[in-house]
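Consider the single chain below, provided in structure tokens and representing the form predicted on its own.
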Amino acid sequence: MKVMDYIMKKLEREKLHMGLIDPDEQTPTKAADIAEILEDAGSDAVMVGGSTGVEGGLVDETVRNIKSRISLPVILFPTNTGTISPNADAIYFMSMLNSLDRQKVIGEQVKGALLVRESGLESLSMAYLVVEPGMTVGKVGNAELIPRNEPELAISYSLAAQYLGMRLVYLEAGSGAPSPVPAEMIKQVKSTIDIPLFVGGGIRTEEQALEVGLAGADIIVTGTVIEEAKDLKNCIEGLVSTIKGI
């Protein structure tokens, strides 16, 4: 089954959780250990990528180690063409629509299109929208951040993405953000678009995951908490259970 079909089929009956693993934050072996915990907890997919664009062999080795240990889809969350690994199952073919840097909007995509085709990776087109405070990804991506009190702007970007034919929208507060994307923004975007809505950044607790899910997020992504949790197993089990219970 293609990864997009897998996502859409699961969304017919429940909200999804995906864990984001940054290859630059641990060894490939440790990354595979984390992926096993995610799978055992009931997470729906593992995303591999980071804010700063770690490249080459480390990404590929991380993906291969994860793939050898779990059956969940492994999806690349790239920052540039150097983060493409042919050993993953799919890649988010993302455009940071609110970047002031043409390279982030379309340049890297043009550069990487043939590489994705040659790799055989399934391409999942995604609009990537960075909301205040944006954190590292906002700075690296030279994003014109969507203000937290302007849901109308998030709606306009999201609708533009849908009308351009993109299949997914991702609202990103930034890895390590002090709080998630505002619930009211999530609610208004979700009530306007007809494609799946990802929300990530600043989601560390079950209460925050519940708020984001109830507001309308279809897929909730957690990353920083994976790196910081002292008891990762219990943390992820709690988050996933909360999301699946919505």
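Treat the numbers as computed from the prediction; the structure is a model and nothing was measured. The first residue of the sequence shown is number 1, and the count goes up from there.
Omitted from view is the form predicted together with SN-glycerol-1-phosphate, to which the following refers.
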**Message:** Counting any heavy atom within 4.5 Å as contact, can you tell me which stretch out of 170-178, 100-108, 150-158, 113-121 lines SN-glycerol-1-phosphate in the predicted complex?
**Reply:** 170-178
**Message:** Within 4.5 Å, heavy atoms only: does Ile236 come near SN-glycerol-1-phosphate in the predicted complex?
**Reply:** no
**Request:** Examine Val221 and determine whether its closest non-hydrogen atom to SN-glycerol-1-phosphate in the predicted complex is within 4.5 angstroms.
**Result:** yes
**Request:** Considering only heavy atoms, tell me if Gly202 and SN-glycerol-1-phosphate come within 4.5 Å of each other in the predicted complex.
**Result:** yes
**Asked** Has each of Leu20, Phe77 and Tyr128 got a heavy atom lying within 4.5 angstroms of SN-glycerol-1-phosphate in the predicted complex?
**Response** yes
**Request:** Scan 27-50 and write down, in order along the chain, each residue with a heavy atom lying within 4.5 Å of SN-glycerol-1-phosphate in the predicted complex.
**Result:** none
